[in-house]
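Single chain ahead, written as structure tokens, the form predicted alone.
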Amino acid sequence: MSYEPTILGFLCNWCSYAGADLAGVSRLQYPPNIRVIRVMCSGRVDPKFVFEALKIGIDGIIVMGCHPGDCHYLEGNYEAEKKFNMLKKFLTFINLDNRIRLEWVSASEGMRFAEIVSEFTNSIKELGPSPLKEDKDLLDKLEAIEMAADSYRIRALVGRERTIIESENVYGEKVPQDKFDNIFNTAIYDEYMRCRILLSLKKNSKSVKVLASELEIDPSEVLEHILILKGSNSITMGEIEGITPIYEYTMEG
């Protein structure tokens, strides 16, 4: 028996859901693997929806919205794209970025809907079942990603990107897209690593050396993250074993 993936689709009410309906009325053939959730706008698809779907073993997730410039809510699909790009960057850390997709489908594009679902289903078939179904370590990393994506720093960058790159600051300067991307990529990496440290210390107290070995990064980098986390009262220094400080998770951060 061949493997059949489970696909979850978030379709906007005004365009892509109507496109799916047209595909059905037109009796267009596409794989029955997709399970559809209708949302009023693609911009309303919270990243948490994607994380929860991945955690329960969904093999692939596709978000469909109105074409740019045609959003019923003017800029909802722009917001969806920014959230999606953030998700892709985070999921790259655990090689799951190719299991999510963002597409634009209008109400008149029943054929396009069928083709996209067919192509995406086939690509997930080639990847095989989601590794999250059996890999506990991967689930732990996904939990860190979910925490990081919900951090104030990341939400602020996602929400203010257009303002930052299109509007002048008080000095009459604009931030170029490439400079913003560098800032954003650094923030995504830093927040992910800090959340991994927090979740690790939540299980049990550890030294910088042990954390560095666990995260497979340089101890000096771990120490930099530790100082930031201490400053936010997310962790504290506990006992000292010999000359080695042991760090503990707190509930204050």
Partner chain sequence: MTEKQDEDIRIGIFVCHCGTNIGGFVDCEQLAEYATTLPNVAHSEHNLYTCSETGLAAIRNAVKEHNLNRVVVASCTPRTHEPLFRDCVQEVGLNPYLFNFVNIRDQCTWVHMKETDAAFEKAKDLIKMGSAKAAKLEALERIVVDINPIALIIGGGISGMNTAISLSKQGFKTHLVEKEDKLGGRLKSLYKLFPNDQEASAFLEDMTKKVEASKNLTVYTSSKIKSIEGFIGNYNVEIEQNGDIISLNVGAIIVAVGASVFEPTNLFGYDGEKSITQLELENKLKNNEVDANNIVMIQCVGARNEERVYCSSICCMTALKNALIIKEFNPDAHVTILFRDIYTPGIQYEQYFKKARKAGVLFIKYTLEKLPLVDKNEIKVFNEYLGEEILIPYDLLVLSTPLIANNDNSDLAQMLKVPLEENNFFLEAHVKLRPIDFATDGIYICGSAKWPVDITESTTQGLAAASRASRILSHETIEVESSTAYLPEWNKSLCKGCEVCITICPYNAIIKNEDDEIEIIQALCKGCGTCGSTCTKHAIEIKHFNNEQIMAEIIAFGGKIIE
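Positions refer to the first chain, counted from 1. Predicted, not measured: the structure shown is a model, and the values here were computed from it.
Unshown form predicted in complex with its partner chain; subsequent notes refer to it.
In the predicted complex, does each of 23, 28 and 69 have a heavy atom within 4.5 Å of its partner chain?
Yes, the whole trio is in contact, each within 4.5 Å by some heavy atom.
Just to confirm the contact call: exactly one of 207-215, 222-230, 191-199, 48-56 touches its partner chain in the predicted complex at a 4.5 Å heavy atom cutoff, so which is it?
Contact-bearing stretch, as computed: 48-56.
Test of understanding: in the predicted complex, would residue 79 fall inside 4.5 Å of its partner chain by heavy atoms?
Yes, residue 79 is a contact residue.
May I ask you to state whether residue 138 is within 4.5 Å of its partner chain in the predicted complex, using heavy atom distances?
No, residue 138 is distant from the partner.
Hey, in the predicted complex, does residue 143 get a heavy atom within 4.5 angstroms of its partner chain?
It does not: once its partner chain is placed as it appears in the predicted complex, residue 143 has no heavy atom within 4.5 Å of it.
Hey, in the predicted complex, does residue 128 get a heavy atom within 4.5 angstroms of its partner chain?
No, no contact at 4.5 Å.
Using a 4.5 Å cut on heavy atoms, which of 97, 178, 75, 168 is close to its partner chain in the predicted complex?
Here the answer is residue option 75.
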